[in-house]
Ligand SMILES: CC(C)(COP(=O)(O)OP(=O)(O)OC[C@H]1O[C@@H](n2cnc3c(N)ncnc32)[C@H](O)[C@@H]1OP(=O)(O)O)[C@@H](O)C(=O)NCCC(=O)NCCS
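One chain comes next, on its own, written as structure tokens: the form predicted on its own.
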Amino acid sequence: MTTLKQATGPAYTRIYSVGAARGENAVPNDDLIGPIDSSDEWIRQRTGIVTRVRANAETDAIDLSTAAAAEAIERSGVAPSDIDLVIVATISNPKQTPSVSAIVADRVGANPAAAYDINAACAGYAYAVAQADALIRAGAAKYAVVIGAEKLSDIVDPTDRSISFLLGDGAGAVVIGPSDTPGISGTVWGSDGSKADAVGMNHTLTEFRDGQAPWPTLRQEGPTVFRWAVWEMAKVAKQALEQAGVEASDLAAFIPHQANMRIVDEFAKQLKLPETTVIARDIETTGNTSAASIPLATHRLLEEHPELSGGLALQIGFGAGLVFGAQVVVLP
């Protein structure tokens, strides 16, 4: 009997480079407080956001993804034609099909790379990193571009007090490839669909089509999500450190999903991070960009602290589903 050949890949992978694209417009709190009957002070105290970035009407998640991926590829030293896998984590593809990833792969010169989108909301980037790492080590790909991209301003209700003022637009991308030493730890990931109603869209597209509901927008049960993030996700972050075989004191950086500054601060406290660990606080000027938030925050950290290069970073994403994913990576 003929035996099937099976591919095998390198023992380890790492992140080679990071690219970013932020929405073109800085939108301060004062621009949003009228419809939600709020104040700049209330938003700052509750979320830590001073301003957020939002894209022009004609810019979509595909455009943002392309710009971020192009920068990451250029910085990686890998030829675009050698990229054979493109994964885009997003909940804001302007069409349900075709995928953002296939269009981006073509735009950046990686055609005919394998390309697919994943929807794991704010955990999407961590999920996609886990997949790229596993697929490369399995021999299914050699070089991957992983992108987290969102244009959340398209699915915002300006009168909604639960989430609308948090959200921004942008994309962050990384190139992942073979490594001589481990650069991406095992991922701790999972879901709790019993809390599916805690955050997500308030209507379906078919309800909108049939005139039974307005255009679907994002909503959340703030207190439920906050409690879950602070208590359950701190446990996941600790598990990710265990999985990687490192201590909190080994971390050069902590890069959580930029959901809310209070959550970020509470995480840091529960993980007992030392003063030397740099904590990403990109939310202050970018807002919550869901799947894009971790790579965007990583990009900013490396721009502002080039000395972090080569250090360990714990990244954790969590959001609608509810879903979560966390891993430790070596910063490029």
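Only a predicted model underlies this, so the values are computations on that prediction, with no experimental measurement involved. Just count from 1 along the sequence shown to find any residue number.
Just so it is clear, the following notes concern the form predicted in complex with the named molecule, a form of the same protein that is not shown.
Across the proposed site, Arg161, Ala259 and Phe318 without exception bring a heavy atom within 4.5 Å of the named molecule in the predicted bound form. The stretch from 34-42, 62-70, 297-305, 268-276 that comes within 4.5 Å of the named molecule in the predicted bound form, counting heavy atoms only, is 34-42. Only one of Val78, Val225, Ala130, Ala115 comes within 4.5 Å of the named molecule in the predicted bound form through a heavy atom, and that residue is Val225. The closest heavy atom approach of Thr286 to the named molecule in the predicted bound form falls outside 4.5 Å. Contact between Tyr143 and the named molecule in the predicted bound form is not found at the 4.5 Å heavy atom cutoff.
The named molecule in the predicted bound form comes within 4.5 Å of no heavy atom belonging to Ser153.
Contact check for Val199: a heavy atom falls within 4.5 Å of the named molecule in the predicted bound form.
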